[in-house]
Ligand code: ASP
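One chain comes next, on its own, written out as C-alpha cells in the form predicted on its own.
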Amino acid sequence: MVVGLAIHGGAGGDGPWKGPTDLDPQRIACMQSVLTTVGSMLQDGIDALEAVTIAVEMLENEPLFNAGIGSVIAADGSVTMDASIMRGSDAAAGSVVNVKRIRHPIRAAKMVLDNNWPVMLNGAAADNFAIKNGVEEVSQEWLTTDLRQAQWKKWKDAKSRPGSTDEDDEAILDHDGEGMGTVGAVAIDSKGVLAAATSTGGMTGKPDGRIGDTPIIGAGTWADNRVAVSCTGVGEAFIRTCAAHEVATRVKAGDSLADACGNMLDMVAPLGGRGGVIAVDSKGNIAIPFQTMLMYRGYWKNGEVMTGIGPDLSSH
C-alpha cells in the first residue's frame, strides 16, 4: 500500500513570484520537518487521522504560518482561529470555530471528532471543551506575534480591505494579495484510509464573527474513501461552491485527481476565490495545484520530500 502526505501553508498574491522573502527559508524548513517527521511516522504505521493532526499541529507551532501562534489579527484586535478534520473511511468529522484560548485548534477539532457528537463547536464552548480534554491553554498575548501586530496596524492605518496585509512579510507589501494564510494536510495510511485537516487564523482585519471555509466540512476540508482534500483561498467562494467536496464529486465521476483539483479551482475563481488545494487519492496520487502567485506546499511519498513556494518544486 502506498502511503503519502501533502501539506500547505497558504496561498496568495497576484502577478509573477518575486522569489523568497527573508522569512521564507524558515517556512520551508518547517515544511521539510513536518514532511520528514510525519512521513516516517506513516511509514511506521501511524493512521492517517493522527498523521494529519500532527502535521497541522507542527504548522500551528510555526509563528510564520497563519494558524495557532502567529495567527493574523481580526478587526477588533483579537486572534480567533478555526480548524476542521475528517476521516474518509467512516466520514467522521470534527470542527472548531472562533477559538481564542488554545495552542492547537486542530487537536481540538480531532477531539470533537473523537467525541462523535456534535461535529462543530463554536467560540468559548469550543475552547472550554478543548481545555477540559487536555489541549494546552494559552493567552491571546502568546498567540500574537510582532509581525502580525505590524500587519494589523498597517491594515488599520490604511483602512484597507480585510486580508490585504496577510502576506506582507515586512509589513511593507512585498507579497500583496488577498488573505489566504491557511495551513492543511492530507494523508493516506498503510491501511488505505484517507484523512484531511485544515487550520487558520482567518484574515487580518476580518469582521467580528466572520467564518471562512476552513472549519466547514465540504468547503475547506473533505475526506471519503476516494480522496482527501484541504483548500486554501478566499473562504467565501470556497463555501459557496462546497469546494473540497467538489473535488470528491469530480473524482467519483471519473476525473483524474489533477483534473478534479484544477476544475474546482477554475469553478471557484470567478467568485473571487483564487487559491490552491492539496489532495491525495486512494491510489496514493497527490495533487497540489494553485492559481495564485505562490502557495507554500510540499509532499512526502516513498521517502521523497518535495517543497515549493512559487511555480517550481524542489526535492530534499
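A quick note: this is a predicted structure, and the numbers were derived from the prediction, not measured. Numbers follow the displayed sequence, beginning with 1.
Another form, the form predicted in complex with ligand ASP, is not on view; read the next lines as being about it.
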#### Entry: Option from 125 to 133, 147 to 155, 230 to 238, 102 to 110 whose residues, in the model of the complex, bring a heavy atom within 4.5 Å of ligand ASP
230 to 238
### Message
Does any part of Gly181 reach within 4.5 Å of ligand ASP in the model of the complex? Heavy atoms only, please.
### Response
yes
### Query
Should Ser95 be counted as a contact of ligand ASP in the model of the complex, where contact means heavy atoms within 4.5 Å?
no
### Message
Within 4.5 Å, heavy atoms only: does Ser71 come near ligand ASP in the model of the complex?
### Response
no
### Query
Might Arg226 be said to contact ligand ASP in the model of the complex, defining contact as any heavy atom within 4.5 Å?
no
### Summary
Taking ligand ASP in the model of the complex and a 4.5 Å non-hydrogen atom cutoff, the residues of 191 to 218 making contact are Thr200, Gly202, Met203, Arg210, Gly212, Asp213, Thr214
